[in-house]
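Okay, here we've got a single chain as structure tokens, the form predicted alone, with questions on binding and movement later.
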Amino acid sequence: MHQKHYKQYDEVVETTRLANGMEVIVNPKPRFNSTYAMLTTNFGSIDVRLANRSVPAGIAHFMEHKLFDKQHYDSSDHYAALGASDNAFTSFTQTSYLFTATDNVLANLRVLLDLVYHPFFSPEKIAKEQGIIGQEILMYQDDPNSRIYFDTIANLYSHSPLSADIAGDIDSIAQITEADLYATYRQYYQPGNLTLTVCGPITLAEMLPVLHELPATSANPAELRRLQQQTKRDIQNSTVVPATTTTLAVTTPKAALGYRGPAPVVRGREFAKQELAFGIFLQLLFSEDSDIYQNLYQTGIINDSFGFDFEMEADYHFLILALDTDHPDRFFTTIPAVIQKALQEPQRLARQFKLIQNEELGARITQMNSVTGTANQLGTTLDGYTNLFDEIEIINQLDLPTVLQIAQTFFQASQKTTNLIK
């Protein structure tokens, strides 16, 4: 077991890799009342490859639902009996299962491990779930906010695993079989692909007896890395659709501007640094405290519906800016010009850099008071397990020239798309 102490915050982060390969990271907070635990597999909606075939889009999200539903019980009922709240979610690159509890933490941990380590799939239960998730998919297809987001990503990475909705579509989930689920589970839920993060009044040493009950399952990391490399090539070889327009029943048209940056080539702490630096650049331009944002707002280019999302993962790197507007062309032409001007005239940003940097630091210091916020920031394999406390150190070390250089690299190599729903 490894311990890293952060004396300035009176915090410690404990890590270990179990014999079966699962990574465990714990931030004990003895003065807190609740514990948050999350078990994550590096398996998301983009992972649709097996050794000798593909599986239907949406299978990661489908499996997330099905793992709760055991042969004779539902894991959520066990959590409820122990007084815990539970949840799960699927993204493009991961699936996570979590609980929050103020008592019975080790018992709830056993429920979490049972949920993830013991799948049960049957044709009858799969058919039932296909109907439930089908309704969920139809609901999202009618949601303009969901459509503008996922359709813009589909423009940026057309005909790749990223172009499919995380939940798949009605046709794809209808094709999911019991054999698909078991084969996919064996490939992507192997312990070496799992990470358990915990934050609350509990230590790693207190958890180890429960964790040592897990089977010492052998893993096949070489095959997993091969599949992940194939997925990476599928994404990187995809093309960008320059523009799309969709008709949907909306009161005000929705417009989105998407940038596809170069696939990140760094890993570990440098990955975290670049992600944080680019986030600060976007805050300098588009946070409400920014002079540029205020100017865009006052001239009517953007309004209260404006927002942006930046995603940086191992295989992709994109930025989406979106809003509701009757003048999408003004938005599509003005925003790129604003970004270029900011990069060419960085002195305009210098005055507010310290303000934004301090806001980022303040947000993370506040986050230390939340077991959920802290546990969600205990790092990943991608950023070398750079945690919340490490991020504060990185942000403190950033300067404006570094932030601008990282933003310049992104935009110089980026490709662009526009997406309009009206």
Partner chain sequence: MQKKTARIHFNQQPGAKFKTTTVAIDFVEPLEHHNLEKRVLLAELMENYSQKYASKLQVAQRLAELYGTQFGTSVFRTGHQAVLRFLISFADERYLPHQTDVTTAVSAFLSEMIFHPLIRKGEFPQAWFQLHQQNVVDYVRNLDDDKKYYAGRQLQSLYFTETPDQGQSILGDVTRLQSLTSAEVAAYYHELLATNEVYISALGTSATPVVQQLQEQFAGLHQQVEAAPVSLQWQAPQEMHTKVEEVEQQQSLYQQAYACPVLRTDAEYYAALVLNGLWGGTASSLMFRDIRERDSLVYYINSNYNPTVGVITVQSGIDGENQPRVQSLIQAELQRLIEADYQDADLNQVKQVLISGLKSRSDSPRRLLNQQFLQQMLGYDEKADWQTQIKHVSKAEISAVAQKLQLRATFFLKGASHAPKTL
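Being a predicted model, the structure only gives us computed values, none of them experimental. Numbering follows the first chain given and starts at 1.
Not pictured, yet referred to below: the form predicted together with its partner chain.
Pick the stretch from 267 to 275, 331 to 339, 236 to 244, 100 to 108 whose residues have a heavy atom within 4.5 Å of its partner chain in the predicted complex. Going by heavy atoms within 4.5 Å, the stretch is 100 to 108.
Contact label in the predicted complex: Q175 to its partner chain, heavy atom within 4.5 Å: Q175 lies outside the contact set for its partner chain.
For G83, is any heavy atom within 4.5 Å of its partner chain in the predicted complex, or not? The answer is yes: G83 has a heavy atom within 4.5 Å of its partner chain.
Taking heavy atoms and a 4.5 Å cut-off, does E359 contact its partner chain in the predicted complex? E359: contacts its partner chain in the predicted complex.
Tell me, yes or no, whether R31 is in contact with its partner chain in the predicted complex, where a contact means a heavy atom of each within 4.5 Å. Taking the distances in the predicted complex, the answer for R31 is yes, it comes within 4.5 Å of its partner chain.
Just give me the single entry in A350, A222, A249, A216 that has a non-hydrogen atom within 4.5 angstroms of its partner chain in the predicted complex. Only one listed residue qualifies here, and that residue is A249.
Its partner chain isn't shown here, but in the predicted complex which of D309, E206, D114, D77 has a heavy atom within 4.5 Å of it? Exactly one listed residue reaches within 4.5 Å, namely D77.
For the stretch 110 to 134, I need every residue with any heavy atom inside 4.5 Å of its partner chain in the predicted complex, listed N to C. Contacting residues: K128, I132.
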